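Shown below, as structure tokens, is a lone chain in the form predicted on its own; questions about how it binds or moves come after it.
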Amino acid sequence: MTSSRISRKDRDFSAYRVFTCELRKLVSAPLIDGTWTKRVEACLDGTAGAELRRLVNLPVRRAFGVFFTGSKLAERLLDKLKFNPAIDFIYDPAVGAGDLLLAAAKRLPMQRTLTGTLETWGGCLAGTDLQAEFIEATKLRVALLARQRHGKKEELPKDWRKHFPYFRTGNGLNQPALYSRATHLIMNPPFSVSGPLEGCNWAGGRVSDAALFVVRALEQTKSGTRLLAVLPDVLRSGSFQHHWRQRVSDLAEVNSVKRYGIFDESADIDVFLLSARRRQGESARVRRWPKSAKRTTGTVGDFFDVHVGRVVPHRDPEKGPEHPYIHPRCVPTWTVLREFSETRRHEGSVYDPPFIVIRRTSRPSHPYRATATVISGTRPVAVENHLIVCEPKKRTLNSCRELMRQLKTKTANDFLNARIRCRHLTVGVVREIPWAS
């Protein structure tokens, strides 16, 4: 996957040509033996991503959201799908090195000859990417897969590239001809963030390129086209992404949303798998995005008012009354805090004890997703915005102690690990935590 809104002069993926040169040697090798087979198997699996990490520095990969899918995740996304080349046209608009198209090719029939297989596959597979090196790698890897599956000493024809007319260097956000033909859209779009966008009524300010790819793809494709995508989990669970989820539901019937976990060892981000089908027309009245199951018990929001701390450090002026001041670094966990080591002038909102604070930073790997502290005392407290404030509606210290006890349970951890996999908690999610009466 590669972001489509960065100028080419600011990119440097030319080092990846070292890997494409290796692929060319394998494609043109006159002899197929055990050594060749092992090398091809590696190049069709994890080597493409490993070579990207080795040859292209991490800041460039992160800046443009370039992380290759890998065969395990690609197979999980396509699951039990089968394709018929007579009627199906499979398009990946952010193809990278072609992992998803390789998984699709494995689900296509082979022909009697290697040339026939290349013609069949090339007629129903399409991919675009801004990086010419990645398009070249995709062509070579699909050709290698065809040669490997035939298992003969038949060499590729010298003009084999002509059989892949729909593998192109280009902007995957703007390919109307390919979108209009597609029966299946498969994508692992860039995880970078850009913006703001003009004329985008479902997002304001900076927006995820992955979110943009999904919406643009659905807007350009025809009714009935199936979309399969690997996406950052924040799009599934984040509070600020609800407008994106509504837009997707306007355009498509959402068939399934499956949590996957960490993308891979090189990209420390949780992802989910989206399956949807483009509906005929658009309807703001139809909402198909899966909702959280209704609970028979209460939630934290029934007993507490939940807010984000109001002090934004390094931005808010230190003016106004002086208050006790708390932030994640000065608040001990799982205790009642009555004495404060820091003060700050603040003219905005402050909170009267007793209340509880929860650290917003939270990872699925943490022992406790909602790490809490009870704040007691008699003076109003200024709270940094990296803490979530829960004010008890009964205004009692015992209510705060009980919430802290419940947040330290397996029930709360299991709920949060299922509900939100990104690296921070939100006010909305904290309100949804089940309350055990």
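Throughout, we count residues from 1 along the sequence that is shown. The structure displayed is predicted, hence computed values, not measured ones.
Below: the form predicted in complex with a small molecule, not depicted.
- Between 252-260, 268-276, 164-172, 324-332, the stretch whose residues reach within 4.5 angstroms of the small molecule in the predicted complex through a non-hydrogen atom is 164-172.
- A single residue from the set 137, 94, 104, 217 has any heavy atom within 4.5 angstroms of the small molecule in the predicted complex; that residue is 94.
- A heavy atom within 4.5 Å of the small molecule in the predicted complex is found for exactly one of 225, 128, 117, 237: 128.
- Using a 4.5 angstroms threshold between heavy atoms, residue 65 counts as touching the small molecule in the predicted complex.
- Contact annotation: residue 90 falls outside 4.5 Å of the small molecule in the predicted complex, judged by heavy atom distances.
- At least one heavy atom of residue 100 is located within 4.5 Å of the small molecule in the predicted complex.
- Mapping the unseen interface onto this chain, residue 351 falls outside it, with no heavy atom inside 4.5 Å of the small molecule in the predicted complex.
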